[in-house]
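Only one chain is given next, in structure tokens, and it is the form predicted alone.
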Amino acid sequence: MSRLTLALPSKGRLREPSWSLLEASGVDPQEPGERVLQSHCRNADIDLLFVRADDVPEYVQDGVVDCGITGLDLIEERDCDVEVLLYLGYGACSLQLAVPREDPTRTLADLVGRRIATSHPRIVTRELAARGVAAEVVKVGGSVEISPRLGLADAIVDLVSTGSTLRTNGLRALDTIFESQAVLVGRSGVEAGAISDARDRLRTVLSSVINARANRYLLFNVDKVNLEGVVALLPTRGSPTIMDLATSGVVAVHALVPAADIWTLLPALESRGASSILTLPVERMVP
């Protein structure tokens, strides 16, 4: 069986959640020692290579590794010939257009003929063209937020997670240019075979964890007379499991529900007569 090589971010905001995802998937990645750039997984034929997230798209495109985890914005900015195998659901951020607080600009169209600083010039140039805005794109590395104060540009486009950095630097967001998150990517055009099968296996295992994290296993008891109304509240894709209990006229209901719905669902179930309500985390889920 061929071993799969997987590139992981060696540092930065994607490093820890990527490592946690591998651990949760059960492949048992071996923690590398200090300054070690390679490792392996104990429970799977996977070799790990630790590199900068910025370099992952090129490594995958050039066949240095079979697949890798990086940010969607890095793939788009470098225009690499890679295939997105799986959206991983973490590392969410967006490229935001921002101007100084005192600037009267209200929309992207107001920046015609002005300068926009960014570390993502390809994405910004493409979006400006798509929206018919003729502005000058200034490529800046490092602290993009300071560009307006230094007179380098009138506005910026930078990655934003919470917006606190913009506020700290006296900037206000105007528009979203691009939405990004962590993704698993592989080289395009891989023929069917051992590597293709290994990539599919990794994708299935990782997606089972991602799906599980987005759901909760819900259990509760309810009188049969209230069952129809309670079941109608459940945001499930399939039919819940219903079992008779030793107590006459009472059933137990088991269902898989989206974690995001728990906040509003539990009070609603209780108001309809549900009792002994439990929610449990789900370890893996293959649809």
Ligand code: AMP
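Worth saying up front: this structure is predicted, and the values here are computed from it rather than measured. So that there is no doubt, residue numbering starts at 1 and follows the sequence shown.
Unshown form predicted in complex with this ligand; subsequent notes refer to it.
Only one listed stretch (148-156, 204-212, 109-117, 92-100) carries heavy atoms within 4.5 Å of this ligand in the predicted complex, and that stretch is 92-100. Heavy atoms of no residue among Glu76, Val137 and Lys139 are located within 4.5 Å of this ligand in the predicted complex. With the partner omitted from this view, the residue of Ser161, Ser143, Ser188, Thr176 that lies near this ligand in the predicted complex is Ser161 [heavy atom within 4.5 Å]. Exactly one listed residue, out of Asn169, Thr105, Thr125, Ser180, brings a non-hydrogen atom to within 4.5 Å of this ligand in the predicted complex: Ser180. When contacts are judged by a 4.5 Å heavy atom cut-off, Arg272 does not count as touching this ligand in the predicted complex. Proximity of Ala53 to this ligand in the predicted complex falls within the 4.5 Å heavy atom cutoff. A residue is said to contact a partner when one of its heavy atoms sits within 4.5 Å of a partner heavy atom; Leu14 meets this definition for this ligand in the predicted complex.
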